[in-house]
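Listed next as structure tokens is one chain, alone, in the form predicted on its own.
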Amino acid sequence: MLRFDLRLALDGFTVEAAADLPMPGITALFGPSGAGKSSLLRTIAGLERASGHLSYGDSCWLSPDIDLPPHARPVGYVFQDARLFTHRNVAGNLAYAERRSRAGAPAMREVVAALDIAPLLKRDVRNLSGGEARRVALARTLLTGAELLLLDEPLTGLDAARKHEVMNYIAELPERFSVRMLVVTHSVEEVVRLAADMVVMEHGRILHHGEPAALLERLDVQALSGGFEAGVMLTSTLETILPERFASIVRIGEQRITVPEASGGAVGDVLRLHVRARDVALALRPVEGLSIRNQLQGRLLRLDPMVGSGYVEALVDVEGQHLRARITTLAVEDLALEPGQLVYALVKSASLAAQDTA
């Protein structure tokens, strides 16, 4: 359990944040740029001076009488820019961390294998790609034997392919090395892929804390994502793999849809699906003759007008889970949509980023 009640003042910006976080694997610290996420992370690490209380498990790190320095806190910090030692190659960076490791730190060979960096060990760190540098930075941090890893937007600046690659490595670390992770992000996609728990921040304050699926469907949380990624998280089961079509069929309750191939997935795996509201349309009956093949039957729960625009956010119950659709006010009027109606949600398969949560 990570408990804190902290106050930090920086150049006219104040962070006042309090929470009790169970830390079930990976917790996402989510919010827009300038929300205070990184400042809070640095405070937990001891890199910023703050007032209040901070404890992890049975250990108190900060109180009116205690202020443990960064090296006395069992944390590992991964910065956005990796910050590898340029005068050492990859092996040298890892050896440096290993020599300064705490008792119980994982073995070098285990970390190298987990992050697939054996081919990189002799490389000059200045010649690493962005994704390779992030993996080496993660390895170096793991080798210190830290109990709590603090990752400050570790995927910033990576292209889509490298981002998914590094996300897959990060997702496996908590179970493989019995560590807990607090990851700063402003990306809904990263929350869906990685997080078992979610904290939402804005203007230096914690607004919400809870399960990602429940929080992501809230309109006030969706607004913080910038609109493009706004949507929901659905849980499904992988039922059929179609490798020749680079696709998979997943089941949501008793209904089935097609998604892009779940890399490395196996039949029976539980998958998370990120469905953006802008990629969902509604119909009153099944529709034929469309390239949008996925049609989920559900019941319309609510219509939320988006102030200052011609759009409405519709919330639909699909097999006990919630789906959002961003449609126009004119469409609501033309279809005479009302809460309680049976509707069909038309979902573009390309908008579904299926990831294995196992």
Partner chain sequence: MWEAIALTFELATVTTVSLLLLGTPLAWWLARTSSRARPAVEALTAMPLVLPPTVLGFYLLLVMNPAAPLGSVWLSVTGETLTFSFAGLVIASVAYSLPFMVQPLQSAFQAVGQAPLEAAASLRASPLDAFFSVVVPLSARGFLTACVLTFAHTVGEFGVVLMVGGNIPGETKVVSIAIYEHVEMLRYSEAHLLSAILVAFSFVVLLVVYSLNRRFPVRVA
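Positions refer to the first chain, counted from 1. What you see is a predicted model, and the numbers here were worked out from it, not measured in a lab.
Note that the form predicted in complex with its partner chain isn't included here; everything after this is about it.
- Only one listed stretch (99-107, 160-168, 191-199, 280-288) carries heavy atoms within 4.5 Å of its partner chain in the predicted bound form, and that stretch is 99-107.
- Within 4.5 Å of any heavy atom of its partner chain in the predicted bound form lies no heavy atom of residue 330.
- Although the partner is absent here, residue 32 is not a contact residue: none of its heavy atoms lies within 4.5 angstroms of its partner chain in the predicted bound form.
- Contact check for residue 47: a heavy atom falls within 4.5 Å of its partner chain in the predicted bound form.
- Contact annotation for residue 70: at least one heavy atom lies within 4.5 Å of its partner chain in the predicted bound form.
- 42 is the sole member of 326, 53, 322, 42 with a non-hydrogen atom within 4.5 Å of its partner chain in the predicted bound form.
- Checked against its partner chain in the predicted bound form, the candidates 83, 122, 203, 245 yield a single residue with a heavy atom inside 4.5 Å, and that residue is 83.
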